[in-house]
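What follows is one chain in structure tokens, specifically the form predicted alone.
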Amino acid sequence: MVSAQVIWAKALPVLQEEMTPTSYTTWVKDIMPISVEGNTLILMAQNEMYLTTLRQFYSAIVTDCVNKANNSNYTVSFIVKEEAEAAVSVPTHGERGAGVFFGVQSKYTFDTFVTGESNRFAHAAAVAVADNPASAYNPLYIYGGSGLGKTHILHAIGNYVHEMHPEFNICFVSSEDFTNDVIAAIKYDTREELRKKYRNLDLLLVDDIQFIGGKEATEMEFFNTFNALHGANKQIVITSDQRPNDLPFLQERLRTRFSWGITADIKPPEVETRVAILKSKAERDNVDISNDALLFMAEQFSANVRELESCYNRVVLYADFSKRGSIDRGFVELVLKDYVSSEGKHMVTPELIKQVTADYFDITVEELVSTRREKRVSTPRHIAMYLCRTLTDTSYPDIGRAFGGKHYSTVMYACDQVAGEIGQKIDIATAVDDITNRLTNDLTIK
């Protein structure tokens, strides 16, 4: 049987070709191949943070490149070296030392979260929970559309509680990572270790709980985990894209428990909050941009904060490229003129985006939605997914289905990658602008 080391050695050059240099160096280069068990390639991440990111954003591309390089059909599983040991050594509630703290990103804090009327109640509830875990609202259930700051609040709670209570066991986990942990526990018969990992926590932060719907084993495990933590008076914070009662794919007993504490929604930010978000970002980036320019951007892009920040990044990139010391409204209007749609245009849909993107890059729609990984296809595919997310209300899972049944985490990875590259690569920013121009100006489609 081919060793894990040989399989991984073949895959690395393909991954390096398919990924951006920064992503490859940061997340993939130092992965260690461990073993091959049946049809599963076991890879080791550096720590829990890397494990979470790899599972959430890079699992699909790593799997595709491994199989492309080896002409195989492996399933990839990520672990950390200390996973089993850490699960067993998590202190019980009666034996406290330094707490376990994993999955929480330090860059997201309450200080960097901009509040307004659209999110004030959710922010206040989050601060109350962070100040007095399991005393104010338990569980705290926060819901709202994508890109509105729910994940930011989760990490902020985790960072605040960790600072105030370093002895606490704290875990941030996405629903997909929780699902993957359940699958691995079933496969490797490590369910007891899984339960020790999640049921000895003081604070559990779960992002996008809606995605466990319909996964019977995962729902059962989360139900029991919820009961164990809540019964032990430990804090649970959950985010979702809908209210508990509007999650038809989740079991009724879970939806009921999600309503035990307090439910807070986050709406799209009003224009004043959008301006404040941009102003805060410009100050942190030391960018000289006029208030009038910020107001123009805030008025044009209201769907979500992610889209707003993406447009801000585009403006800053063009300003750097043209060596402008300051940015005024006229410059912003020029940069974004093809991105801002006007009244009376046709409706932009994922199908239209796929066709226009394929035409722009001179490939077929069939290639665009295929599993091919070469850059002439993968880059257009990522851009098309990003445009579906920013120009339409289509969810990540629905975008995945529109692109040949790809997993929603693959779409998230693509969108995040393009959003980052818009602020770094002029060719990506130009392509996004040109395709957006074609879409919003109703050009004739081939």
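One rule holds for the numbers: they count along the sequence shown, beginning at 1. Just so it is clear, the model here is predicted, and its values are computed rather than measured.
Here the subject shifts to the form predicted together with a small molecule, a form of this protein not shown in this document.
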(request) For the three residues 20, 65 and 378, verify that every one has a non-hydrogen atom within 4.5 Å of the small molecule in the predicted bound form; reply yes or no. (result) no
(message) Given the stretches 131 to 139, 221 to 229, 356 to 364, 147 to 155, which is the single one in contact with the small molecule in the predicted bound form, using a heavy atom cutoff of 4.5 Å?
(response) 147 to 155
(request) Identify which of 256, 233, 112, 326 has a heavy atom within 4.5 Å of the small molecule in the predicted bound form; exactly one of them does. (result) 112
(message) Quick check on this chain: which one of 247, 305, 170, 76 has a heavy atom within 4.5 Å of the small molecule in the predicted bound form?
(response) 305
(message) At 4.5 Å between heavy atoms, is residue 193 in contact with the small molecule in the predicted bound form?
(response) no
(message) Please determine whether residue 297 contacts the small molecule in the predicted bound form, using a 4.5 Å cut-off between heavy atoms.
(response) no
(message) Would you classify residue 212 as touching the small molecule in the predicted bound form, given a 4.5 Å non-hydrogen atom cut-off?
(response) no
(message) When the contact criterion is heavy atoms within 4.5 Å, does residue 108 count as touching the small molecule in the predicted bound form?
(response) yes
